[in-house]
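Read the single chain below, which is given as structure tokens and is the form predicted alone.
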């Protein structure tokens, strides 16, 4: 099977490299970028990635086509692909602005919509999946098999895209900001070097993730186990609870409004 990537910028490049590192048996990787220098760096680092000279040449020879360009460039790319697309191919868009219905109207392919995350850099984390009407059960299994090599694919309804991607795609930045603030406060108040504070926070979050994901602890379980009534942690939570009240509601409102703005200017 040949999978192709059109657009190797931030997310497109990350996915191209993730699949190259995953080294899936019998999967060939090709890519095209309108700025060749960006793709040259990837090919130099991952020689298994083959460079294509146009979106059309990639479209003619790839069974799965990842469309990783900006919203404003999608129509132009689809126009160049249109003559060579068939019903047997998969068109995979990572763009949250273009709907599945729009893509199915523009192309005869089996349409898949993905919301990737920076966590795929480590071949882990959630990737949100939405499938068009043309995919069979076998098609779904094929796509999930591919995506499982680099992520934990989670199927969602397209109407849930914004809030779900806030958790999985924007979430790493939101949580990193919180953790960075935590480490900075410890450095300020605890006579720790920044390096020490960062190591302590990083190892804590790594252990917490394993506890929740691998050991099945819920968030409530962790809080209950650590925050003994009348203890130090409980006292800290008394500060956090009112400070965080409504914060993430405001975050989700801000991202939703920005998404609406992008859709208006698609």
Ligand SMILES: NC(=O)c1ccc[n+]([C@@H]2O[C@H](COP(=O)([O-])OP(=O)(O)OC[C@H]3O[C@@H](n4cnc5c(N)ncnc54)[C@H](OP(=O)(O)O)[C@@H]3O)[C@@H](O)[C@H]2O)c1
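Source: prediction; values computed, not measured. Numbering follows the first chain given and starts at 1.
One more form of this protein, predicted together with the ligand, exists but is not displayed; see below.
- Annotated contact segment (heavy atom within 4.5 Å of the ligand in the predicted complex): 32-40, selected among 234-242, 32-40, 216-224, 200-208.
- Annotated contacts: 11, 76 and 116 all touch the ligand in the predicted complex [non-hydrogen atom within 4.5 angstroms].
- Taking 91, 94, 128, 150 one by one, only a single residue has any non-hydrogen atom within 4.5 Å of the ligand in the predicted complex, and it is 94.
- Although the partner is absent from this view, residue 68 contacts the ligand in the predicted complex, with a non-hydrogen atom inside 4.5 angstroms.
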